[in-house]
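We begin with a single chain expressed as structure tokens, specifically the form predicted alone.
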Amino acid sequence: MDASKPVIRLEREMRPDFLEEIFEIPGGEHIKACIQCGTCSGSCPASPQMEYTPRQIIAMIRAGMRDDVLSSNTIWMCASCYLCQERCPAQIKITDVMYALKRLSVKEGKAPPKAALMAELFVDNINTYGRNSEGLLIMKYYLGKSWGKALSNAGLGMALWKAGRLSAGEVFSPHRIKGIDQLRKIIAKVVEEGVV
């Protein structure tokens, strides 16, 4: 969808309860203070690839456009750099809201399949090692999809390895953190409480 064109929805398609849902996210209640200045969108390095800018996402949340927000690529393009959050004059925790939107999107089956798979593999790495191994994550992602895709990216893998950004140890035998059992208990409690 072209982000420069306004999104028009019928009133019956709006979900006014969506804003209340976002208010329950720690810091989410600050969305009502948004003045639509566009600082978040202007600061975001990923906004040119987003379907809607962060400013538009906030306006859409406030308008109750739940399905449009949860189905957009914007929440998945967020690089978690926190620049929008640091520069926001209303001190809105935009990055935290994006994470919450990702969780809702996955929970409701609205996430793009590739993003949902990446999130699943990331959580698997955290549960197994207590941390993420990016090399292992990418290997699982591509090998799980197809050998052809993995082989077509072999050149990129070699370039990362030569630049010192990827090591065989990180891919094939990442180390577990100390106290992983405690971390697993924390994760289990968070899941039990329904936070994730």
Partner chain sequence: MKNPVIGVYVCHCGSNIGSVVNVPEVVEFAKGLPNVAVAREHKYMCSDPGQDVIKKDIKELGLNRVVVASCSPLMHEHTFRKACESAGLNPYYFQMANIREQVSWVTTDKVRATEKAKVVLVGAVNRVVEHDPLFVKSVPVTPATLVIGGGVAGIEAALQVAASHTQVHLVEKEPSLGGHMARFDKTFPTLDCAACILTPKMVQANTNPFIKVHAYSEVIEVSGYVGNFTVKIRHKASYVNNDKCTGCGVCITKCPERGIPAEFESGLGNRPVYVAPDAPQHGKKPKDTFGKRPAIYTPFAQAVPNKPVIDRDNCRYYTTGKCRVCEKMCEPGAIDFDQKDWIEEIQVGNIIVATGMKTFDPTPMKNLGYGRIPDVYTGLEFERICHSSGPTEGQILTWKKESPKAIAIVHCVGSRDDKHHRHCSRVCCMYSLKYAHLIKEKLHNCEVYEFYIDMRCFGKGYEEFYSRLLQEDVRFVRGRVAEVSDWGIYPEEKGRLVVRVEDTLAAQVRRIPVDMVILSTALEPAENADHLKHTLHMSCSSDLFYLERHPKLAPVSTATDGIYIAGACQGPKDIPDSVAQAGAAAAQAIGMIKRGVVEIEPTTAHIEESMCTGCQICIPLCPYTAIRRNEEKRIAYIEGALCKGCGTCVGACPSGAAQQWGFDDRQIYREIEGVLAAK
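Positions refer to the first chain, counted from 1. These numbers were taken from a predicted model, which means no experiment stands behind them.
Only in words, not in the display: the form predicted together with the partner chain, which the text now covers.
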- Task: Give a yes/no on whether Val69 approaches the partner chain to within 4.5 Å in the predicted complex, heavy atoms considered.
- Result: no
- Query: Is Cys44 close enough to the partner chain in the predicted complex to count, meaning some heavy atom within 4.5 Å?
  - Reply: yes
- Message: Contact with the partner chain in the predicted complex for Gly109, defined as at least one heavy atom pair within 4.5 Å: yes or no?
- Response: no
- Task: Answer yes if any heavy atom of Cys37 is within 4.5 Å of a heavy atom of the partner chain in the predicted complex; otherwise answer no.
- Result: yes
